[in-house]
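In structure tokens, one chain follows: the form predicted alone.
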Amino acid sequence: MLTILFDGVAYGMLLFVLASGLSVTLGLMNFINLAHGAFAMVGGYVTALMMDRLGAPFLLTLPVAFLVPALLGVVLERTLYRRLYGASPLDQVLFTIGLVLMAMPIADFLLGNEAHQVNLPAWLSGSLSVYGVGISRYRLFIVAVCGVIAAALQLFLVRTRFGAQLRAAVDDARVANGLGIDVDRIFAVAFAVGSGLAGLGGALAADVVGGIDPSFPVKFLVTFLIVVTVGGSNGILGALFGALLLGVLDVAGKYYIPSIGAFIVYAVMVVTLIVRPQGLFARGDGR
């Protein structure tokens, strides 16, 4: 039981990092970026290729898996995304889905359609025995890393001058500009952080999901949206609690009732939309 609970928490923390960037762009910036999974795919490929072709240590690849999608996010924000800030939600959805459908064949053409594996170092392989309970070393690593990311992201967006400026820029960009806030820079940094977190999540998830392939953005797009839907899109803590809940339910469901285990998270999403559309852990109508 404890092993299942821990695996569920680890999976939930991983879902949080994968979906937290979407919480930033959707919840804080009111931009529906369904191309989020493509940035996660890029991060996963960065880690897999650096380890396979360059022999780079796993830990060394993680900062690069953050930086490459972050830079890509800045480029796309400056050239494409910013043109759609005032567009309708349908336009944003169609545009970002189009980016996903473009990214998948590009990845297929450049890297092939076979899954690229991440070979974990020996110190992250196997399991530890804690009070007689077997705990995966890699899942323990995921919990630790993602916990630090969650705390740092919450402090970054809530307790810093940047977070206040971002909320002001989203509420009224013209007034924010008049107060001396560089709205363009704020939005670019926010997109960079969101895209980089997606890439880091993709790198950490590569081993858990059995490798990275061109279909990754589509396979996990619905999962990202469910995390934001259940947790609420107006805060990082909501996404964290929602991801933990879904992670535990998913792992426990697949273990105890494997025939319908995968259905549980969809049922939770439907019930949430009916009972509390703003999300289970959302704080009123605030951001």
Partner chain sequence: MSAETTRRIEAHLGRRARWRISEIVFWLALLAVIFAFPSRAALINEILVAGLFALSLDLILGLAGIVSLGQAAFLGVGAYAAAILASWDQADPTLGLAAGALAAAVVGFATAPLLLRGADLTRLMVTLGVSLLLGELANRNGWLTGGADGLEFSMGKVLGRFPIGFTGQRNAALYSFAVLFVLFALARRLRQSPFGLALAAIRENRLRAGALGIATSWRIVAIYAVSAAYAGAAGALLAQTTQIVSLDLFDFHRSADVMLMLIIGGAGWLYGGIIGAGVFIVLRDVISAATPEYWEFWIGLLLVVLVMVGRDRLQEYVRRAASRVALRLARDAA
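Just so it is clear, the structure is predicted and the values come from calculations on it, not from any experiment. Residue numbers count along the first chain shown, from 1.
This protein has a second form, the form predicted together with its partner chain, left out of what is shown; the following refers to that one.
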Evaluate Ile97 for contact with its partner chain in the predicted bound form, applying a 4.5 angstroms cut-off between non-hydrogen atoms, and reply yes or no.
yes
Look up in the predicted bound form whether Met104 has a non-hydrogen atom within 4.5 angstroms of its partner chain, and give yes or no.
yes
Should Ala262 be counted as a contact of its partner chain in the predicted bound form, where contact means heavy atoms within 4.5 Å?
yes
Wondering, does Thr61 line up within 4.5 Å of its partner chain in the predicted bound form on heavy atoms?
no
Answer key, its partner chain contact in the predicted bound form at 4.5 Å (heavy atoms) among Ile181, Val209, Val93, Val75: the residue is Val93
So which of Leu49, Leu67, Leu237, Val222 gets a non-hydrogen atom within 4.5 Å of its partner chain in the predicted bound form?
Val222
Just one stretch in 198-206, 135-143, 182-190, 105-113 has heavy atoms within 4.5 Å of its partner chain in the predicted bound form, so which one is it?
105-113
Among Arg53, Pro121 and Ser127, does every residue place a heavy atom within 4.5 Å of its partner chain in the predicted bound form?
no
